[in-house]
Structures are given as C-alpha cells and as structure tokens.
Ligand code: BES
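Just the one chain here, laid out as structure tokens, in the form predicted alone.
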C-alpha cells in the first residue's frame, strides 16, 4: 500500500483523478461551513443530487456513520461518505477514527485506488497526513496465519490524500516503517505460546538484526547466571524451555548524542506458577504476557527502517515462561537479583516484575540517558484505567511529558500515575529486602515501586503498564479485534522526535 498527496481542492482533483473509490468526511448538519468546505466541493464535483440521497439515507454526520454509494459507470465507481460529528470536537483521534471507517468501507467495496478527503484544517499537515495514513493501513490489518482456509482480502494499492501539500510526502514515507513495527508486535502477541517461545523471540531479534543492520547479543542461561540474574532465572526455572536474554542495539550513522534503553516484559506464557491462574483469570490468554517485548521489538523493527539520527537505542527482553514443575520456584522462596537485592516470593504469579528487575539492572549498566520499560504487569491497572489507556509511572516529569506527547501523536493514550513512596511499606519483607507483591489496594503502584528499586536513582525512568491495552476483544478504531501492537507508535515517536531526555526530578 502506497500513500501520496494530492494538494488541490476536492472539486479540482476529481477533474484529473481516475481512481475507483472516493471517500469524503462530512460534519454533522446539512449546511455548508466556510471553514470546512468539503460538503460544497463534493456537491460541486458529483452533483447536487447527492444531498437528496444523503437525506434519504438519513445521514446525520455522526462520528463513525458511514455510507457507500455505488455507480455502475463513471468515476468514482464508489463514493464513501463518513460522518465527523461536530467541528468543535474534531481532533486527531477523530481524524483517525474517520480514516479507519473509510478504510473498512473501501476494502469491502474492493477499492484499488482510493482517494481520501478529510478536513485537516487546524492540524499540522504532517500530523494529519500521518494520522490518516496510519489509520488506513493499521485498520486493514488481517491476521490469517493460523487458518487452514484463508480468505483473500484485496487492499487498495494506492491511497491519495486530497488537500495535503506535497511537503507531507516525507511524513507519509515514515508511515510504512512505523506500521510494519506495529504489525510485527501484533503478530507476536497474537501467535499461540507453542509458536512464540523464548527461542522464537530470540529468532525474531536475529532477523531484525540481519535485515536492518542492528547489533544482537543473546545471553544464554549460563551467561545470565554469571551476571547474578537470580530473579529472572528463578522465574524461568520451572519451564522446559531455556530462557533467552535478548539485547538488540541500533547504532545511528554519524554517532549518537543520546542513548536510550527500551525494556519489554517477555513472558511467552504465564501459568501463574504455583499460584496457578484459575477460572476467570484469563489463563488461556496468557500468550499476550509478552506484549511488552512485542512492543519493543516492533519499535526496533521501525527504528531499523527509519534510521533516526543521533540516538542509540538498546532493546532488552528477558524472555522465558512461568510454568509449574518439580523445579519451579516456590511461594516463600528467596531470590537474589543481579544488584544484590533479595526478594521473598509471596506470589509466583507476580513473575513479570522479577524478570524486569534483572533486565532493568542490566539496562542501567549501559549508562543510557533514559530507560523506558513496557509490561503487561498488573490487573490492577486494567481495573483503574480500562482497556484504552496505559498507566505511566516515571521518576522524571520531563520524560513523562515527552512520552505523553509521543503517545498522543500516535493515537495511543497514557495516563500519569503516582509513585507514592509511602506505599512502598507494603513491599517490606521480614526475611528479605522486599517482597514481590504488596497489598491488593494500589497494586499497580506498588508494582511500579518494586521496579524502581532496580533502576539507578539518578537515571530518568518510565514504566508503562500496558496490561489493558495490549489486546482488544471487539476491535476499535485503528485496532482490529485481537492484538493491538500498543506502545510501538509511542516509542517510535519519542525516539524519532529528537527531543533531549529530561533530567531526573
């Protein structure tokens, strides 16, 4: 799928354009609005009779409302009209939602050459173009890898964005890399745990290194033992599958002015261990407990293609399974992490933070300017923020703000949460330095506080709990039902923004 800009007005473009499908966004109401002239341009281009047909179909212009009109002859063969709601409430998320609706309707109509006219007034041209293009491509993602009979779904080969200047071309070129990263993350999360194993994640990293010129180091169990990674290896010891500690690095041409580390939780399956997940605990969905690793590997895929200047990126995944066996960690065991801290295991189902503990210690030793970790860490965050918003904890206000801005630019939602130090009392252990879980109230906060103990105090750090956002049961907006690839766009936007990393606060 390719994207291009057609900078002229809609009525002018249709005189020259020969594609088969046109999509136009209209605000609520039937009157022409001088500041948003698409309705008048459309009626001028295809005829005033369209207004009557819209009224017959009771089109109100509500957000998500979408009508298709077929013509047996002439151009365009198919006209799609999508509602935008009231202009006062129309933002980039509304633009994305409209573009996603258009894409679905165009695919259903068998569009090959699609032109999209959506109002971009009030937005930066690059932001608008990128939002529309990402929404079109990502909303048409369709994973049929594990079906014996696949249903072909032709997609538009060319998508033209009407009314955007030619200067947006560079922004549109970046869409391919970013979306490829999101699609990789979706594929990893959606695949079953007998396919995506720790070895598979390592193989994926090796393919990224080979295809995009990245540096790769895989630490096997003995190397992790030599580094004292007792927390990570304690989780891994119950599985027949060997753990794989993945370190993938992007080196920019011309040298780096800043260095960042991305750490992703990589539990390819989480049974809960001896604190076994039971009915209602979604044990059958624990293939997505490696959503954090999928996000950072997807970001690595995008960064490898986009090649941002001046920033060195380290991607770290402590991959393993959390299983039950005669060798599995017991509730009550004490593990020693690679920074020397001892951890009493009072719940074997709080395993992700143990693997992240050693991964964060490793990341800090690289002396980056900032560390960001992503993890499907707690059900408490899902209860607090639901399925559309990820929790954000950070030791740096500047880092938090830059991540929120990057998320908003990519259509992903983060909500800043507190690192309340008094809550850390809930992690005290009578026999070790700390327990791996605190009391039930504020569970997402105590989980973040646990992780903070394994990050250098002077280093800007952020933790994203993506437990609610990594999977979408029914599909919404850019995300089809299933894996969302959440976090990739945030990370790519943050890394490619070129903004300096803020200091610790």
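This structure is a prediction, so every number in the text was calculated from the model and none was measured. Residue numbers count along the first chain shown, from 1.
Here the subject shifts to the form predicted in complex with the ligand, a form of this protein not shown in this document.
- Every member of the trio 265, 289 and 379 reaches the ligand in the model of the complex with some non-hydrogen atom inside 4.5 Å.
- In the model of the complex, none of the heavy atoms of residue 456 sits within 4.5 Å of a heavy atom of the ligand.
- For the chain shown alone, residue 347 is a contact residue for the ligand in the model of the complex, at least one non-hydrogen atom being within 4.5 angstroms.
- Taking the partner from elsewhere, residue 365 is found to have every heavy atom lying beyond 4.5 Å of the ligand in the model of the complex.
- Contact annotation for residue 452: none of its heavy atoms lies within 4.5 Å of the ligand in the model of the complex.
- For the residues 412, 373, 270, 358, the 4.5 Å heavy atom test against the ligand in the model of the complex is passed only by 270.
- Of the listed positions (259, 221, 277, 428), a single one reaches within 4.5 angstroms of the ligand by any non-hydrogen atom in the model of the complex, namely 277.
- With the partner left out here, the ligand still marks one of 82 to 90, 390 to 398, 349 to 357, 311 to 319 in the model of the complex; by a 4.5 Å heavy atom cut-off that stretch is 349 to 357.
- Residue 437 is the sole member of 437 to 461 found to place a heavy atom within 4.5 Å of the ligand in the model of the complex.
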